[in-house]
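Shown next as structure tokens: one chain only, the form predicted alone.
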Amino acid sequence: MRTPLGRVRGLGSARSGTEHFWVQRLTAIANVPLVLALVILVIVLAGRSHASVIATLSQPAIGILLLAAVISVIVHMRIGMQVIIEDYVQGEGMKVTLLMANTLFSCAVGLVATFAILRICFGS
């Protein structure tokens, strides 16, 4: 039983709508070219010296590509794990604990990866 206003806004019983659904699909679409570019980058850089790899990764376009990939993959990972936790964990206390751990883990991985990319791009 939904109100006409709820149907127009696309809001479900939890009043959250389909935001996670669309963000998950958007990041999935964004991840395709970003991950392909990263795979190509790894193939191109394979076998090169450390100095050559750092010189390539410190270019602004490559740094932006890496940051975009990290952000998109981390958001996609967090939402995907959130859906799995919400669907398969039965106890409410355990569910809340795992959701918090998922968010903290995603933030930690994102911060460490962003720090590493910025450090390479701007030097140490």
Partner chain sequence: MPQTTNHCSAASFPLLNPGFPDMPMTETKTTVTRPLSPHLQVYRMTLTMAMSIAHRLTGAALYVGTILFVWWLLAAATSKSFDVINGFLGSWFGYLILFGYTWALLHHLIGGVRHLIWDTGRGLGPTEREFFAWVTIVGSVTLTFVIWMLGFMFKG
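Numbering follows the first chain given and starts at 1. Please read these numbers as outputs of a predicted model, since none were measured by experiment.
Same protein, other form: the form predicted in complex with the partner chain, not shown, and the subject of what follows.
J.: Looking in the model of the complex, is the partner chain within 4.5 angstroms of a heavy atom from every one of His76, Ala113 and Ile117?
T.: Judged in the model of the complex, His76, Ala113 and Ile117 all sit within 4.5 Å of the partner chain.
J.: If you check in the model of the complex, is Gly47 within 4.5 Å of the partner chain, heavy atoms only?
T.: Result yes; Gly47 sits at the interface with the partner chain in the model of the complex.
J.: Is there any non-hydrogen atom of Arg25 lying within 4.5 Å of the partner chain in the model of the complex?
T.: It does: once the partner chain is placed as it appears in the model of the complex, Arg25 has a heavy atom within 4.5 Å of it.
J.: Considering non-hydrogen atoms and a 4.5 Å limit, does the partner chain approach Asp87 in the model of the complex?
T.: Within the cut-off, so yes.
J.: So, in the model of the complex, is Ala68 in contact with the partner chain at a 4.5 angstroms heavy atom limit?
T.: Output for Ala68 is no: heavy atoms all beyond 4.5 Å of the partner chain.
J.: If you check Ala55, Val96, Val83, Ile64 against the partner chain in the model of the complex, which one has a heavy atom within 4.5 Å?
T.: That would be Val83.
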